[in-house]
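In structure tokens, one chain follows: the form predicted alone.
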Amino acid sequence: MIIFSERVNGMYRDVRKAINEKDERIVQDLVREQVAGGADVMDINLGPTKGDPVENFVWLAQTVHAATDRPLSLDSAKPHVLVAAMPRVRAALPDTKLIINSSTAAPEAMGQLIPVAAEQGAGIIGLTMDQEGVPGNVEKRVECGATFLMTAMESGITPEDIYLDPIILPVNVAQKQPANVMEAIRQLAIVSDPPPHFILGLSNVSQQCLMRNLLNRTYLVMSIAAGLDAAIMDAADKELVEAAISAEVLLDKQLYSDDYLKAWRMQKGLH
């Protein structure tokens, strides 16, 4: 399971304040907490911060990198910001693995972001949606995912560096979608050999729901059984991380031992 930390995000007030005030300590304390919890990738998102977004991305990337050598995922819904920021971050951190989060399968978005990922030697997350918005069914998700996957591969990006995000919606407004997302993962897994990675912004499933933690844990385990192998989530949520590890043990993706949680942490170099 590849854990993308969701916590370095300007949507959180503490992070937004830190970016606006260029307070490295707040960001780096969060980074260390997430890495200690098992984060493999630091997803960095500016949120509604002040100032030039490209300069903010460079500052945030360098600040995070000073606390960890984990790969960085640059997260923005604005393609032009990612296009401008990626070369700057690559120049500042030439040896760091970078990932673009994210592009839709709309031709215009793919045309902007896939070439940048290929040029910068970066991974890329592709949303299974196009200019028409989030699909309401499995078939459209699979169509968009296959289109993105083939386009990225034709540009020289290997499946190992491609993450497909079938876009989970809150269960309280779209109760059929959690099942549709899992089925889309199952179908997209056979489009390519080897398959790409599959990722979700996990906490979206429980947005504005009362039982958020329980919903997140349950859906993560269900999605892993369907083929999910990455999630943007809170790595400091110990019960959530342990649920993911336990699911992988039960699916024979991790070796069982009576101390399998300890073994997983040792494997990651955590104490």
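Just so you know, these numbers come straight off a predicted model, no measurement behind them. Numbering starts at 1 and follows the sequence shown.
Not pictured, yet referred to below: the form predicted together with a further copy of the same chain.
Colleague: The chain here is shown without a further copy of the same chain. Which stretch in 237-245, 60-68, 28-36, 47-55 comes within 4.5 angstroms of it in the model of the complex, by heavy atom distance?
Modeller: Checking each option against the 4.5 Å cut-off leaves 237-245.
Colleague: Would L228 count as touching a further copy of the same chain in the model of the complex under a 4.5 Å heavy atom rule?
Modeller: No, L228 is distant from the partner.
Colleague: Is there a heavy atom of V41 lying 4.5 Å or less from a heavy atom of a further copy of the same chain in the model of the complex?
Modeller: Taking the distances in the model of the complex, the answer for V41 is no, it never comes within 4.5 Å of a further copy of the same chain.
Colleague: Do Y12 and a further copy of the same chain come within 4.5 Å of each other in the model of the complex, heavy atoms counted?
Modeller: Y12: no, not in contact with a further copy of the same chain in the model of the complex.
Colleague: Give a yes or no for I232: in the model of the complex, does one of its heavy atoms lie within 4.5 Å of a heavy atom belonging to a further copy of the same chain?
Modeller: Answer no; every heavy atom of I232 is more than 4.5 Å from a further copy of the same chain in the model of the complex.
Colleague: State yes only if every one of A91, T96 and A118 has a non-hydrogen atom within 4.5 Å of a further copy of the same chain in the model of the complex; otherwise state no.
Modeller: So, no: the whole triplet misses a further copy of the same chain.
Colleague: What are the residues of 245-271, in order along the chain, with a heavy atom within 4.5 Å of a further copy of the same chain in the model of the complex?
Modeller: Residues within 4.5 Å: S246, A247, V249, L250, L251, D252, Q254, L255, Y256, D258, D259, Y260, L261.
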